[in-house]
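What follows is one chain in structure tokens, specifically the form predicted on its own.
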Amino acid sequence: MTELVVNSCGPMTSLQDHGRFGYQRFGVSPSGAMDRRALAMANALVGNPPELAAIEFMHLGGSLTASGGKLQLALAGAECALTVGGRLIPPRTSFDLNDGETLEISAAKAGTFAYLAVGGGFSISPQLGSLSFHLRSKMGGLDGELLRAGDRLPCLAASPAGSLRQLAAPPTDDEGPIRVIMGPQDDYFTPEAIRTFLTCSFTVSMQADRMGFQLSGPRIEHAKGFNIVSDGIVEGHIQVPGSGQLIVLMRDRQTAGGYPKIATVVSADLDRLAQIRPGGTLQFRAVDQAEAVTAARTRKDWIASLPQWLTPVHPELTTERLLGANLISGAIDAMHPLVDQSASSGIAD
């Protein structure tokens, strides 16, 4: 069996796919990749469906080795340096990892979450239909745990058919404020609080993880207190506890909560919000339901279009590669009967 062996990795490295859906009524968080666009890009590069599980790295990278066969892999998301045997792999490019070879992923230089996809995916049993690891419930992942040194990830297939590919990703609308729909409890806040929320900048604090991002900024004043009867939580809900500081609930969120929610981040903008590092700033812009639905459909179409943006990787022409390419089938003596002696001697007819 071909495996990917973890030599080293950061403390929050895990397996994540599109998420675990249909169980929130039982208190089960969906989890899933923090940046699903990046997950889809990594999967597209190795010929996988966009929602297939990959290794998610948070801030820090890692080192992994192929064992038992060749694998095709690709990295997307946060800006990390990727090398195989000291050779730098260009961004958003698939590559082969031969049996015994080791890849090295650096800490992220920009962004937070990076995804390493394996052609064919992993041969690991899902829990409730997903491999996504959820830290607080110990559900999913490899044996219900984060990845750590010494783990061996069995892979479903060796290198997929076809050449290596690179992805010239289509343009995205990644500029400007994070779009939100106001509510569901925006009536719990003063008009001045709403103005502050929509006009001021906020900073991602160090209290930011897969469950939620706490933001630092001006205090958001409540009009009716900060406790409500607990109700359902969706990803992107922005809670405001008694401190008046915002908390954006992310993929590993709880499924119910008792703080009023001033607004909800539209699904199309959660990926880019997830990549904002602690210390990064953001602003919010209110949109209506129609714009939010259009943005969601545009994002879905963007992910579906990724295979159209793949182009073959042309290998670097090195002496070693040329000598190993067997460009001719053999050589014959200059005096062989098949050789035109008059042409070779330069004698005219």
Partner chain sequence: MQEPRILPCGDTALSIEFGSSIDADLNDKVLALDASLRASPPVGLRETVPTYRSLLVHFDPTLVDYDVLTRALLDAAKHLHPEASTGRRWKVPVFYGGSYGMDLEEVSERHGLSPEAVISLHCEPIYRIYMIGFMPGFAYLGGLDARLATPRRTQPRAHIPSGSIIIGGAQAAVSSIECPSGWHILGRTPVRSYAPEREPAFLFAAGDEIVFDPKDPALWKEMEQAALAGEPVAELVAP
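Residue numbers count along the first chain shown, from 1. These numbers come from a predicted model, not from an experiment.
What comes next is about the form predicted together with the partner chain, which is not displayed.
The three residues Met1, Asn98 and Gly121 each lack any heavy atom within 4.5 Å of the partner chain in the predicted bound form.
Between the options Thr264, Ser130, Gln275, Gln214, the residue in contact with the partner chain in the predicted bound form by a heavy atom within 4.5 angstroms is Thr264. Site annotation in the predicted bound form: the residue of Arg136, Lys109, Arg195, Arg87 reaching within 4.5 Å of the partner chain with a heavy atom is Arg136.
Per the 4.5 Å heavy atom criterion, the partner chain in the predicted bound form is contacted by stretch 26-34, the sole one of 49-57, 303-311, 26-34, 277-285. Not displayed here, the partner chain is approached by Thr255 to within 4.5 Å at the level of heavy atoms in the predicted bound form.
Contact check for Asp143: every heavy atom lies farther than 4.5 Å from the partner chain in the predicted bound form. Shown alone here, Ser230 lies within 4.5 Å of the partner chain in the predicted bound form, counting heavy atoms only. Using a 4.5 angstroms limit between non-hydrogen atoms, Pro154 is distant from the partner chain in the predicted bound form.
Taking the partner chain as positioned in the predicted bound form, the residues of 294-312 that bring a heavy atom within 4.5 Å of it are, in sequence order, Ala296, Arg297, Lys300.
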